[in-house]
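Given next, in structure tokens, is a single chain: the form predicted on its own.
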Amino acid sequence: MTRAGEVAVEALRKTFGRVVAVDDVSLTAEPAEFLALLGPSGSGKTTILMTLAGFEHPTSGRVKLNGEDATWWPAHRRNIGMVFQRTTLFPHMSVRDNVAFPLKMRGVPARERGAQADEALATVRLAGYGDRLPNQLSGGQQQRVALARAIVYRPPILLMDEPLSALDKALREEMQLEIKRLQRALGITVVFVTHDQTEALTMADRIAVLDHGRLMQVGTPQALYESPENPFVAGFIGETAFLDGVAERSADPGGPATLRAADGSKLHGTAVAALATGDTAQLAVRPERIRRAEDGLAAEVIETFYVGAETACLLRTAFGAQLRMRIAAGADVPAPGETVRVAWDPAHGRIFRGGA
């Protein structure tokens, strides 16, 4: 069954000699969805993208495009738009000719090519720039030209390999919103590779988190941030403190659990997986969930950092764990060396079986 814009890999595995780049990954991007592949260097995200594009072929597993098995299709047959980190524009050709180049390769008549290229430039808000050369444009404008070139023939699927990493912070944030606007306006499926967690959280409908070639978790930005399923996701997305202990009693998945730290302190949270009494475990909690509490966990203030809207406090517990607490502007800030007591809602403390 044909499903325009659907992208999927099934049990995908890719090796380069003894190196396993992608290890049994199954993943689907629905039509008109913005899916981010997020992970550190070497996590396999770009290999997956290159396999979708047809520049690499899997060692095993399948690639499906628009509901059809495309595993062994050549790249030119896949009808996919592609935007890379570097724009790879032809420096000797005008902006219009750069955008029209894919149409020329498809045999579109010259008059139609120019009109379609101008339409694509207008879509990325570069109307009137067609006669310029690439070196007459800013970095952000060049990336918009690369986007126009990728969408000029209206592919149902657009693959993007860290296209904003070379831009400065302000321009990168502007282009994040521009790409999301464009994706919604055109109704195309986007698979977007990035190592920047903020970029993924800002742009994606869903995020697939990868590490060492394995799919660690896939879900909405909110689900990944609020309900990570393993310590890697908890630590990679956002800022997280990890506190080690042992389970005081058994706990069911999703149920309340209590850990006993090395100094006897009690750490309350929610069990991600089943726990048995005495199991080694870790509690993960985010800085914005930590608050001062009279009957909370004792911790010494190591240092404070003023960051405008809030002050970040670096704390160290009696059993050696470090964590951060954020204090809103205008509230009292403890001094370095002072001992404070902190707590968090157990619903916001994620307890994972296994230690550091």
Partner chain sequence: MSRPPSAFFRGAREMSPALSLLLLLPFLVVLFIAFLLPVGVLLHESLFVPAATLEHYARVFDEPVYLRVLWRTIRIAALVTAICLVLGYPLAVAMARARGVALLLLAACVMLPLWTSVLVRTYAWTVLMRRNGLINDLLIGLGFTDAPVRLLYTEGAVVVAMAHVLLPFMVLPLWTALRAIPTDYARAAAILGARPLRSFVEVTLPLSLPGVASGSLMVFLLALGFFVTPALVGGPQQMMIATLISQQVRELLNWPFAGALVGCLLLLTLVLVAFFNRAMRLDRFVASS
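Positions refer to the first chain, counted from 1. Note that the structure is a prediction, hence the values are computed from the model and not measured. By rigid core we mean the largest C-alpha set that fits within 1.5 Å across both forms.
There is also a form predicted in complex with its partner chain; it is not shown, and the following applies to it.
Contact with its partner chain, judged by heavy atoms within 4.5 Å in the predicted bound form, is confined among 162-170, 233-241, 72-80, 253-261 to 72-80. Here the marked residues 53, 93 and 133 all reach its partner chain in the predicted bound form, each with a heavy atom within 4.5 angstroms. Contact annotation for residue 153: at least one heavy atom lies within 4.5 Å of its partner chain in the predicted bound form. Taking the partner from elsewhere, residue 104 is found to have a heavy atom lying within 4.5 Å of its partner chain in the predicted bound form. At a distance threshold of 4.5 angstroms between non-hydrogen atoms, residue 138 is out of contact with its partner chain in the predicted bound form. Although the partner is absent here, residue 282 lies well away from its partner chain in the predicted bound form, with no heavy atom inside 4.5 Å.
With the partner removed from view, the residue among 87, 176, 183, 197 that has a non-hydrogen atom within 4.5 Å of its partner chain in the predicted bound form turns out to be 87. Residue displacement note: residue 201 has its CA displaced by under 2 Å between the shown form and the other one (rigid core superposed).
Once both forms are overlaid on the rigid core, the distance between the two CA positions of residue 106 between the shown form and the other one is 2 angstroms or more. Once the rigid core is overlaid between the shown form and the other one, residue 136 counts among the residues whose Cα shifts by 2 Å or more.
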